[in-house]
Every structure is written in structure tokens, then in C-alpha cells.
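Given as C-alpha cells, the chain that follows is alone and in the form predicted alone.
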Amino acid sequence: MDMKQATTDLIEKIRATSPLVHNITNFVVMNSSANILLAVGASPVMAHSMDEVEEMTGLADALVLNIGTLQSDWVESMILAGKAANRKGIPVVLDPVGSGATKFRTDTVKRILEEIQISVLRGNASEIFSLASSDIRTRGVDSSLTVTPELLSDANELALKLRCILAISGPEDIVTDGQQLFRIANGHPLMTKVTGLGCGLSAVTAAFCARAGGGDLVSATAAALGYYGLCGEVAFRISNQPGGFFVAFVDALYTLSSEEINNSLKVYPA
């Protein structure tokens, strides 16, 4: 597959059709995630009340569940929304923010994975591998983990176990469903210095999956991570300081051209 052409096709579809992405996300990133989705051409909605999440999901093209500022009633809203998304057949992206840090967070992610068919689980290595069983190696896992053959094997195994696509963010990103595997080398370290860019990536992944040609969510997820990382590279050319970088990053999401994708996208089947 030509991932440069696939990425170009997907962003053009998003810009032309404005998929509605329903976010049950955390208080820290509601504004930034909404602006990030608008910049790529999607339509964001943030709704977390149990009184409306099922109805709102019924209107959406994709659903994002983000546990960043988790509360017990939000967990129930996420379950209701996720089940509604499964009934409708739209993609569900789960961002397990801080999974492994507390029992509440880890147990919540495990419950969501048990009760909902998740399309994409997107987080850093420590968050993703906090969900691994004892027979999957997790020693030394953190967000800066070097990609090794052992890590790729473990990621494939975990994806098969969880029955979803894993999108593991780090200096080099990994996307796998246990069969197809991509490595993504786009991005810039300054992206880690701006609150909410990881959560924004989960939202953008949902938008890409909403417009996945032929239902190929693995390639769509890899394209989303490559596109997002490339926008970080473009933004750094404009500003090397976090405040200006974020503004330049949102602008890059809005303006990134097919020429830039063809010249600089680094998404590789592995």
C-alpha cells in the first residue's frame, strides 16, 4: 500500500465531509481537542452526560473515550456511548490516559475493553502495556521505549489478546492489529511539551478511522499518526517554543499539503 497516497486521500475525505467525532474526554483538553479536530476538517462534539451520550453517539461518525480526568459517572457514560457506537458500527478510539498509575484507571480501561468492542487503543507504551497479562513482557516500559523486535512481538501479541488495534506513541510510533504492523518515524520532541497533544492525536485518529476506505482501520490509524507527527515537524520550523509551537501546529493541521506528505511522510509497513 502507498501510505503517502492513502494519507492524502484520507485527509481530503475528512476535509470534504467533516465527520462528526463525539468525544467523552477530559477537562484539560476539551478546547484543544476541539480546535485540533476543526483544523483537520472534522466536526467535534463534547458530551458526557448519561442523559444524552447514546443519542449523541447515534449522530456521530466516530467516538473517542479519554479517561484523563476520570470520574465514576463518566465511566458509565463511556460504557453507554461505547455500546451505542458498537450498535451503529462506528469506530471507537480509547485513550487510556494514566493507565497503570492507579487501580481506578487501570480497572476502568479493562472494564471498557471487556464491555465494548474498541477499534483503536491509543496511548504511550507504559499505558498500553499496563494492560498486558503476566506472560507478556512489560519490564522497563515507558513512553521513551526503544522499538525492538521483542517490543514488536509483544505489541502484536497484546493486540490479538485485546482484539483491537494498538497505536503506541513514542519517539517512533507503532500501529498493529496483531497481523498488519506499521512503524511511524514522524514527529518532534517538542510535541511532548504541550499539554493535550496526545489526546488530540486520539481525536484525529478517530476522524481518520471515520473515513477509512474499505474499513481498513489499521492503515487509517497509521496514516493519522504519520500526518500528526509530520505536522509537528512543520510546526517546529516556525516556532521552537511551546506556545508558538502549538499555534503553528494547529495551522499545520489545517494547511498541510499533499506535496508535504509525499516529500516527508515516514510511515512504513513492518
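Numbers for residues come from their place in the sequence shown, where the first is 1. This is a predicted model, so every value here is computed, not measured.
From this point on, the text means the form predicted together with another copy of the chain, which you will not see here.
**Student:** Look at the stretches 212-220, 32-40, 225-233, 199-207 and give the one with heavy atoms within 4.5 Å of another copy of the chain in the model of the complex.
**Tutor:** Careful reading of the contacts points to 32-40.
**Student:** 9, 114 and 126 - do all three of these have some heavy atom no more than 4.5 Å from another copy of the chain in the model of the complex?
**Tutor:** Result no, not one residue of the spot touches another copy of the chain.
**Student:** Taking another copy of the chain as it sits in the model of the complex, is residue 185 near enough to touch it, meaning that at least one heavy atom pair lies within 4.5 angstroms?
**Tutor:** Outside the cut-off, so no.
**Student:** Might residue 163 be said to contact another copy of the chain in the model of the complex, defining contact as any heavy atom within 4.5 Å?
**Tutor:** Outside the cut-off, so no.
**Student:** Considering only heavy atoms, tell me if residue 192 and another copy of the chain come within 4.5 Å of each other in the model of the complex.
**Tutor:** Close contact exists here: in the model of the complex, residue 192 approaches another copy of the chain to within 4.5 Å, heavy atoms only.
**Student:** Would residue 262 sit within 4.5 Å of another copy of the chain in the model of the complex, counting heavy atoms only?
**Tutor:** No, no contact at 4.5 Å.
**Student:** Just give me the residues of 97-131, first to last, that have a heavy atom within 4.5 Å of another copy of the chain in the model of the complex.
**Tutor:** Residues within 4.5 Å: 101, 102, 103, 104, 105.
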